[in-house]
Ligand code: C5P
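Single chain ahead, by itself, as structure tokens, in the form predicted alone.
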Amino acid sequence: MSVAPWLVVPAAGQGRRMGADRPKQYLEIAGVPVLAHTLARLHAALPAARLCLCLDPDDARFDPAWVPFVDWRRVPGGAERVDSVTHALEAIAAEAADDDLVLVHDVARPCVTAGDLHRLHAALVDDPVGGLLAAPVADTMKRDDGAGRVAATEPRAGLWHALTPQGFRYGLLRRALAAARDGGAVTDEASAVEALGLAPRLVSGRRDNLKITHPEDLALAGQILAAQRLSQSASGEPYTAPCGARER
């Protein structure tokens, strides 16, 4: 297995739930696209990683100046996340070994911290299956009846919110996604691996690893990034600005 992991970042989505004039990865936080913030976070923790950035083939908004990685490539994205990740795995088939670690991260999660990334990588570097960042469920969980009313309160013990990155061996992930695509919808990489009868490892991550999905999430992500930057400054930890960031 290579020491440096592969990074796959699907960024071909249209983000229609945001109701914006552009895909959510190009909405700005402090004058910088979400995509640039996310790549900066990944690079700060894993600078030697090899990046596959999955973009819509017709995407004209993307600027290569936002990519801080030395070893990276643009890969055509697909209609669904599973299609984009599959395209990325196919693109590196001639270079990747079956036991290489592949980390897949949502482009719309710009608040992931270096600490979580380091902890996940350390936990998975020798794990034969792989795993994911996740956070234990803290809220009371309700199941609806299909008509907008509560049908039951579900026990939250043992429930986790799946986050990203999610990391698995190249050969295993390619096999799992191929099988899952033949069998139905794939919600994340872990679910595809689970369908093979394997049990991915849960690595506890921070709850502020927010996924920008709805309009109010963009402002919340901005507040989280600002708070994290202040915390870094107070602790003396260096701050890495996204590529293309304007001085403020």
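So that there is no doubt, residue numbering starts at 1 and follows the sequence shown. Nothing here was measured: the structure is a model prediction, and the numbers come from that model.
We do not show the form predicted in complex with this ligand, though everything after this point is about it.
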Counting only non-hydrogen atoms and a 4.5 angstroms cut-off, does E80 reach this ligand in the model of the complex? yes
Hey, in the model of the complex, does V107 get a heavy atom within 4.5 angstroms of this ligand? yes
Partner contact for R206 in the model of the complex: this ligand, 4.5 angstroms, heavy atom: no
Just checking whether R50 would be counted as a contact of this ligand in the model of the complex - the rule being heavy atoms within 4.5 angstroms. no
Segment assignment from 111 to 119, 95 to 103, 132 to 140, 71 to 79: heavy atom within 4.5 Å of this ligand in the model of the complex: 71 to 79
Going through 16 to 32, which residues have a heavy atom within 4.5 Å of this ligand in the model of the complex? Please give them in sequence order. R17, K24, Q25
